[in-house]
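Below sits a lone chain in structure tokens, taken as the form predicted alone.
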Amino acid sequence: MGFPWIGETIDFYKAQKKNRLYEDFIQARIQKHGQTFKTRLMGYPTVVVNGAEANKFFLSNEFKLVVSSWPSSSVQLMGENSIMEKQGEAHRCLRGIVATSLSSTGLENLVPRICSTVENHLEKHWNRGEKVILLYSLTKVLTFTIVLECLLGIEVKDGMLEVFERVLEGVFAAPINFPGSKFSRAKNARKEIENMLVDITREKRKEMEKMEQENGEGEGILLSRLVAALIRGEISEVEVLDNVVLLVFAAHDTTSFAIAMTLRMLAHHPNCYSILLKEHNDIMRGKRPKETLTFEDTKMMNYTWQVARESMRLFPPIFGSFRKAIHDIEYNGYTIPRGWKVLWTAYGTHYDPKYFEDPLSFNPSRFEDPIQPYAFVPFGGGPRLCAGYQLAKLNILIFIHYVVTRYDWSLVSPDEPITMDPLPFPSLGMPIRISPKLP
């Protein structure tokens, strides 16, 4: 289990920083100890589990045998009243609000807003002839705008993304609040966001109480539903604030990475790009000039979603997450003591030939057939399955559609390293050379 208290944390962080967590940390220990092994990470005795059966056991037993367990810095910055910290009925209530906002009707209403936001983004940042842009950096701007303006109805102003990014920098930092530290800067940024959101939430509440409209079907569907629950006394104001902060982070950073990796893999596999492009040209042929996409159109993007899923299999937006045992757990011939941490990882199945033949090859067609449950887990699973995964899917499909039908593009640095701090990202911002397609 490594050194006292610190355990193998340094090796874990080194592997994570190089985006080789599976190869350098997990796989090496699987070969030595088996699919289930113990270590000590960040001060806690931890059991690392691998495999679809392990994922199913621990993710589906949330609230029964284990509970979500994030570092203290993450909890303080995301919010103690966010959905990631809620258990039982409180978790179900908040998840229900998010799920209702992202139902089929909610998603259908979001599609034209997302399309409009994507078009405005491309007009501002992609047009003006041939040039080089930083795809990942710009995609973060886009996904941030989509979650704030389309989902929450909050106008994006200059500097807002940078403030949210400062919070993210401290999410896995040591929770030491001395001036100048990562955590201290993140706490100050969190306070700045909180002050902004308090004003927005109270203004929204006044507006809704005055109009007596609590259905949340207009602009900012999710914020409207959260405030409606606040008016009914189901949740508190601080719960509204904490969950808006969490949802902004959850919805924009991971989605922008998934988009970037999808385009990276298309650039590396021109045969897959040709099939995908035909799918989108076929959709375009059924449209009148300047007619926007519909929710039904996105359902026709089957191959595009296979490409995106295969990209997320090879480059999962999150490596996994920690749980804490709330009882002594008998698993796989071992006893996991109450209070110990359990770490499941996406790599434990995504890179295993038991679940994906020739796992390091890029093969979108493997998703034509059903995948074993809990083997493909870029969005987690069980009661804490990412509530916004359908929004992420829409963002990816719509953005890919506009890019491949309007632009020619190529990677400037085809072998650009991927690093993690704390989430994965292309180390150079993923520069691409673009030019508008000729009519």
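What you see is a predicted model, and the numbers here were worked out from it, not measured in a lab. Throughout, we count residues from 1 along the sequence that is shown.
Note that the form predicted together with ligand HEM isn't included here; everything after this is about it.
Steric status of site, ligand HEM superimposed as seen in the model of the complex, threshold 2.4 angstroms to backbone or C-beta: Here the site is open.
Stretch in contact, per heavy atom within 4.5 angstroms of ligand HEM in the model of the complex, of 403-411, 47-55, 29-37, 375-383: Looking at the other structure, the answer is 375-383.
4.5 angstroms heavy atom contact with ligand HEM in the model of the complex for Pro317: Result yes; Pro317 sits at the interface with ligand HEM in the model of the complex.
Partner contact for Leu151 in the model of the complex: ligand HEM, 4.5 angstroms, heavy atom: The answer is yes: Leu151 has a heavy atom within 4.5 Å of ligand HEM.
Interface membership of Ala251, ligand HEM in the model of the complex, 4.5 Å heavy atom rule: Residue-level check for Ala251: yes, a contact with ligand HEM.
4.5 angstroms heavy atom contact with ligand HEM in the model of the complex for Leu41: Contact with ligand HEM, no.
Heavy atom of each of Tyr13, Val66 and Leu423 within 4.5 Å of ligand HEM in the model of the complex: Spot residues vs ligand HEM: no contact at all.
Contact assignment for ligand HEM in the model of the complex, among Arg309, His125, His91, Arg166, heavy atom within 4.5 Å: Contact with ligand HEM in the model of the complex is made by His91 alone.
Single option in Gln76, Asn332, Asn188, Ser321 placed near ligand HEM in the model of the complex, where near means a heavy atom within 4.5 Å: Contact check passes for Ser321.
Partner contacts for 88-119, taking ligand HEM in the model of the complex and a 4.5 Å heavy atom cut-off: Result: His91, Arg95, Leu102.
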